[in-house]
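Only one chain is shown below, in structure tokens, and it's the form predicted on its own.
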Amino acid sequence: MIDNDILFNIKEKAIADKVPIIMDDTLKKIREILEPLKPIKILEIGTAVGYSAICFSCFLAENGKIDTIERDEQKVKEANNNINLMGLKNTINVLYGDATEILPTLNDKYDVVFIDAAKGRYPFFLEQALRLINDNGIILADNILYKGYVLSDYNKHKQRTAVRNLREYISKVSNNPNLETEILDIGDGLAISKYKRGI
């Protein structure tokens, strides 16, 4: 069982430290998807302090597992501390390193892949998610609309690569015949792609 007081403290500390965490309305939508699905294995790309992985653990099947990847050493330490506080160290496995290096080494199959990491890498993360997802699995990508830039005519240099790659991600999930995708304007944008092999 999740201790809601500890979870609230983790959330409040992340907000105070300006660590980006999943927004409440995005989490509510994901809950609607995952609760009936009862996934056995979830892959998360972008752990931060472990808040979303802890939340997702509530929706797992019995004895379900979460693998989550984080490249920031300090965040890995904080995430592991938070996971231990929640008594979830046997449920959530934090993989320390760059997702672009770790993902190609994974060979497990996952019922859900949640992407919430470097925006400029979303097309690569999608490529790996498609390799690792189970039939009838779901790929979720958070912050897909990126402050509204992605669907606007935004072209400023500072965020240009991130915006271009998020647009590429949306194009790929929208045009892949094996994916049924919807883009929701909640939080900072959520892409939900249901995978059906060989449609």
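Note that the structure is a prediction, hence the values are computed from the model and not measured. In this text, residue numbers run from 1 along the sequence as written.
There is also a form predicted together with a small molecule; it is not shown, and the following applies to it.
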**Study point:** The single option of 99, 83, 112, 126 touching the small molecule in the model of the complex, heavy atom within 4.5 Å
**Key:** 99
Check your understanding: Could you tell me if residue 48 has a non-hydrogen atom within 4.5 Å of the small molecule in the model of the complex?
Key -> yes
Review point. So in the model of the complex, does any heavy atom of residue 190 sit within 4.5 Å of the small molecule?
Key: no
Point to revise | Touches the small molecule in the model of the complex: residue 106 (any heavy atom, 4.5 Å) | key: no
Review point. If you check in the model of the complex, is residue 71 within 4.5 Å of the small molecule, heavy atoms only?
Key: yes
Review point. Does the small molecule come within 4.5 Å of a heavy atom in each of 22, 75 and 118 in the model of the complex?
Key: yes
Review point. So which stretch, 133-141, 28-36, 48-56, 164-172, is the one near the small molecule in the model of the complex (non-hydrogen atoms, 4.5 Å)?
Key: 48-56
